[in-house]
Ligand code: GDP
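Given as structure tokens, the chain that follows is alone and in the form predicted on its own.
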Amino acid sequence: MSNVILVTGGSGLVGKALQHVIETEPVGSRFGKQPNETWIFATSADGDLRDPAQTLKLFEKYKPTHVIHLAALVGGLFKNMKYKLTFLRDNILINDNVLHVSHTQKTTKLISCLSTCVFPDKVEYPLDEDKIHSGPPHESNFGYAHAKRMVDVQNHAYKEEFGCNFTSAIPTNIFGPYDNYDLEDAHVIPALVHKCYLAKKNGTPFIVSGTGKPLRQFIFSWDLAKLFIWMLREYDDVEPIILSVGEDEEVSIKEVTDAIVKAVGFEGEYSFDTSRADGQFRKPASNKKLLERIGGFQFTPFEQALDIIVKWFVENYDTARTGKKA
């Protein structure tokens, strides 16, 4: 029997990583394309998933047996805080349509992508899969986080009422090629890569906001793509699963910045603006459940992954998402 895997949000950071892995891993291997598989990477041009009719039309066109649902309205801190209702409503519409049509079209399996922002603001660390609903999320992510939490609620409801094989993944901080490198709206690694690149290009100082002391867990998008493929083929539990490197692989923003300076080849003045806020010091997540289920996985060394993304960014600067006008 042939399988058709539909990836929503196929042109984003994780969608592009899935496409890379499927195209470069050996056919028939654990993470490679299987002989009976067809992969469809859908984008917003294929249909507006906020619209039930367009969502149904997309599913009727490709008839997916499996879905990896990555599509979402996303943005940085400022946008999340300013447009709480928009982030809540648009993501609820997108998720509800994808889940409902997956059910009515008898999709064999659906994996949705959540975020660690779904976890409560005040929680005992490390984060684990049992703590998602144990308190309100941080106020800055109110709309987006609640919409993503509802996916977990719906997964359980669809399983209990209809027996659907729906589940979800919770990645930690993702970085990789095709990320958003816009200076105003990017997450920490792509923003620092872009700033360091411009400092080298323009011969200006490279100044990083904060002290550099906060700790984060970062997962390379190509590694995350492999874990999604593993989930697609081997994970059939409705309970969500955290996809992350281990707590012992937390790195400081100072260590991240040092590695970026080395990867970019920046030799100019480099300092931290300690008058700027650091944000949350650390929010470690446990990957114990993942390692118990997958039976071993080799994550890409952090500096090696950084070398890959810096090389990609420099080679694709004119087309990368940098905030420049096209």
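We call the rigid core whatever largest set of C-alpha positions still superposes within 1.5 Å between the two forms. Worth saying up front: this structure is predicted, and the values here are computed from it rather than measured. Start at 1 and count along the sequence shown; that's the residue number.
Not pictured, yet referred to below: the form predicted together with this ligand.
*Asks:* Can you work out whether this ligand is within 4.5 angstroms of a heavy atom in all three of Leu77, Cys117 and His187 in the predicted bound form?
*Replies:* Yes: Leu77, Cys117 and His187 each sit within 4.5 Å of this ligand in the predicted bound form.
*Asks:* Which residue, Met150, Leu227, Ala191, Cys164, has a heavy atom that falls within 4.5 Å of this ligand in the predicted bound form?
*Replies:* Looking at the other structure, the residue within range turns out to be Ala191.
*Asks:* Please identify the residue among Pro126, Pro240, Gly143, Gly210 with any heavy atom within 4.5 Å of this ligand in the predicted bound form.
*Replies:* That would be Gly210.
*Asks:* Go through 230 to 238, 154 to 162, 69 to 77, 129 to 137 and give me the stretch that gets within 4.5 Å of this ligand in the predicted bound form, heavy atoms only.
*Replies:* Going through the listed ranges, the match is 69 to 77.
*Asks:* Can you tell me whether Asp278 touches this ligand? I mean in the predicted bound form, with a 4.5 angstroms heavy atom cut-off.
*Replies:* Residue-level check for Asp278: yes, a contact with this ligand.
*Asks:* Check whether Lys283 has any heavy atom within 4.5 Å of a heavy atom of this ligand in the predicted bound form, and answer yes or no.
*Replies:* Flag for Lys283 set to yes.
*Asks:* Any chance Asn173 has a heavy atom within 4.5 Å of this ligand in the predicted bound form?
*Replies:* Contact with this ligand, yes.
*Asks:* Answer for Lys195 alone: is it within 4.5 Å of this ligand in the predicted bound form, judged on heavy atom distances?
*Replies:* Taking the distances in the predicted bound form, the answer for Lys195 is yes, it comes within 4.5 Å of this ligand.
*Asks:* After the core is matched up, is the C-alpha of Ser209 off by 2 Å or more between this form and the one not shown?
*Replies:* The answer is yes; the displacement is at least 2 Å.
*Asks:* With a threshold of 2 Å on the C-alpha, tell me if Tyr270 counts as moved between this form and the one not shown once the core is superposed.
*Replies:* Yes, the C-alpha moves 2 Å or more.
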